[in-house]
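A single chain comes next, written as structure tokens; it is the form predicted on its own.
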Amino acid sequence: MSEIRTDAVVVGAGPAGYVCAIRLAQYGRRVVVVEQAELGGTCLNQGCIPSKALIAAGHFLDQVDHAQAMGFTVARPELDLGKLVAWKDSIVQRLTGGIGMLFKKRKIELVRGRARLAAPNRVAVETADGPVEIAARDVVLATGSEPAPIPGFEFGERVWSSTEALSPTEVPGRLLVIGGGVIGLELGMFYARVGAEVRVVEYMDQILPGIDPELVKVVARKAKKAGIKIHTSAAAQGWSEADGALEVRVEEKGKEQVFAADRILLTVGRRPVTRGLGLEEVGVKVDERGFVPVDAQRQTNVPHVYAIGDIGHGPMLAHKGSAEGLAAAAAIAGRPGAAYDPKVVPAVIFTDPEIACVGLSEAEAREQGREVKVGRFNFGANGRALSLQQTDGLVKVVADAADDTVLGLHMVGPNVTDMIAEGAVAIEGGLTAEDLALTIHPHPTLAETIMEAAEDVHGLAVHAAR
């Protein structure tokens, strides 16, 4: 067995792990990263990036459909699915290659293999060339998450997880999506655009559970217009095969129905990858759901063992994991005030239209006993949105009625995923709705809707009818 001695070892090279490793190297630490798959983790290889590439292709088809209104006569393009998947893969490969280059620049050593804790300061790795043991003062666990199965719907050729849905060999004629959350809606809308008949089964009483219903209504309306059939308060019970097709049993509001499908896409959530890491053996606390509790520095109950990203509590978001990686690296390096302490974590959803949220919703604020004022502005009154032929949606600013502090920004509409950072900065900085309203926004841009919604908090939006 060969041995490596280093300052810190990071297990997992996803958005949490690789960011942590690079920052540690920037702080002058010797770093070893252990990864059993590809650099970039789920986000870069089977999640955020490849899904957005496919969604961008779907948006292109939508733009072609609207070209006639601009005076163009355009035949609908034919899809070469193999080329589309290859193009998506080329984006992923470029980004994973970039991480590898950054590792080399920072002299970060990469060990490929499956890791487990042999002791609080030792990581055992099974590699293709035999066992390797890495000794380090600090260990950072960043092993991420995986799609969660449900009984009767084990992943395979007929039941896809998001991974299979991102590399299809053909577009299924009928796709039944179990789970109307972020992943299910994003991929379901893409498949509807490229010709599949899509049906979504969601257990809760609305798609995109937890999102402001006012925003969800806009997406639901667009989904139905695209031919997607949505069933809420519904539960998939099981499936069988008949004459080459799938028959999926669904109980909806107490009534059982059977829907035909060619493929099932199961997107009911994700679970942390903590099994087999040897955590319990070295004393690292793991809760009943497999998550690892940590403190503000992302340190576990065992000194010098840290956990970041999806294996810790909180939203399973790449940007949250990266921020935790930076905090953990700062703590390991002894930087003053090192801690993960954001006021808010923005969330973005690449449906059609897009949704972006940060901070408290109107309902959440009221549940906390706060008196709020809410400003709204519709994209239908925005010149830039009109020129893009993307007028569905609105912007909501939620402000404290007592001191005008911005509590939340919630948007549904074109490119809102690119604009939500303004709300995050406003809340982190303790800005008021008036601060947003008095900030000059360039014209003509989509971002003007934020300014107008902030004005509407005080009933002063110039371009609103009220």
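For every residue, the number given is its place in the sequence shown, counted from 1. For clarity, every value in this text was computed on a predicted model and none was experimentally measured.
Just so it is clear, the following notes concern the form predicted in complex with a small molecule, a form of the same protein that is not shown.
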Are any of the heavy atoms in Gly359 no more than 4.5 Å from a heavy atom of the small molecule in the predicted bound form? no
At the 4.5 Å heavy atom threshold, is Ala235 in contact with the small molecule in the predicted bound form? yes
I'd like to know whether Arg270 contacts the small molecule in the predicted bound form, with contact meaning heavy atoms within 4.5 angstroms. yes
In the predicted bound form, does Val201 come within 4.5 Å of the small molecule, counting heavy atoms only? yes
Assert contact_stretch over 330 to 338, 240 to 248, 191 to 199, 345 to 353 against the small molecule in the predicted bound form, heavy atom within 4.5 Å, equals 345 to 353
Identify which of Ile311, Ile178, Ala165, Val125 has a heavy atom within 4.5 Å of the small molecule in the predicted bound form; exactly one of them does. Ile178
Contact residue in the predicted bound form, from Gly380, Pro209, Gly283, Gly97 (heavy atom within 4.5 Å of the small molecule): Pro209
Using a 4.5 Å heavy atom cut-off, are Ile150, Glu186 and Met316 all in contact with the small molecule in the predicted bound form? yes
